[in-house]
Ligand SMILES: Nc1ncnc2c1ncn2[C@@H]1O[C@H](COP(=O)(O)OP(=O)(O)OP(=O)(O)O)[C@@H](O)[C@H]1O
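Here's a solo chain for you in C-alpha cells, the form predicted on its own.
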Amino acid sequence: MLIERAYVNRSAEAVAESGDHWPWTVPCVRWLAEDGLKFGAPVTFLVGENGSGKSTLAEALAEGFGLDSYGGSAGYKYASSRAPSELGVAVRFDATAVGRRMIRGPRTRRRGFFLRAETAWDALARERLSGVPEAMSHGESFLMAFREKFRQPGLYVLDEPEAALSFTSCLELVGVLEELSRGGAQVICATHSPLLTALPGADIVEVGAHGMRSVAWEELALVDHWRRYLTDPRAYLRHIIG
C-alpha cells in the first residue's frame, strides 16, 4: 500500500464557496472534500453510471500523485501544456512510509501509471514499448503493454481499462492486477466491468448521487443488471426497441 486516504486540501469555507460550480457540484467530489476517501486494500474499484464522477475522481487522484492527466508513467510529461485540474491541484494523501518517499521526493522517483481509455494507446506508444508486433490486435497490444509497464511497486490509476478488451482479455487483466497487488503496488480503477470488480480482496466504492459508499460485489447495481440481462435480454430490450 502507498496511500491510505485521499482528501482535499481546502478549508470547509473554501469548499462551500466553490460548491456552485464543477467539479465541486459532483456528489463524489463533494464527499471527497468533506470526508475524504479511505483505501483499505491494494486494489480499489470505483463504480458508477456515466456522469457519476468516477473518471473525474480517478483523474484527480492521479494528478495528486504526480501522474500526467493525459496518461502515462510517473516521472514523465506527455501531454500539451494542459494545467492540472482544480481538483487535482487540491488532492492530498495520507500515505505509508513508502508512499511518502515517492510523493515528497522528485517527480522521477515516483512510480506508477495513469491509463485513461481515450488516450491509453497513444500514451503507451510514446514510451516506445518493446516487442509489440504490428499484427497484434488493439486488445492484445494493450495486454502486452500492461505486462511491460505494470511491473514495479507504484500507484496505477486506470480509467475504464476494459474498453479495448474482450472477456478473456479482461480475465488476464485481473491476473495482472492481482500480481501488482501482491508485489506491493496499489491500483485504483474506475470501471463498468462486473468481471474486473470480482477480483477477490478488492475494495469496491460505488459512486453516485449519494456520494461514495463501500459495497460488496454481489450488491452492485451493475452486477444485478448484467445478471438479469443475461438471464432474459428481452426484459430490458422491450423497453428499448418496442
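Only a predicted model underlies this, so the values are computations on that prediction, with no experimental measurement involved. All residue numbers refer to positions in the sequence shown, first residue = 1.
The protein also exists as the form predicted together with the ligand; that form is not presented, and the subsequent description refers to it.
Of the candidate stretches 32-40, 46-54, 179-187, 196-204, only 46-54 contains residues with a heavy atom within 4.5 Å of the ligand in the model of the complex. Within this chain, V26 lines the site of the ligand in the model of the complex, having a heavy atom no more than 4.5 Å away.
Shown alone here, E172 lies farther than 4.5 Å from the ligand in the model of the complex, counting heavy atoms only. Of the heavy atoms in H192, some are within 4.5 Å of the ligand in the model of the complex. Contact check for W22: a heavy atom falls within 4.5 Å of the ligand in the model of the complex.
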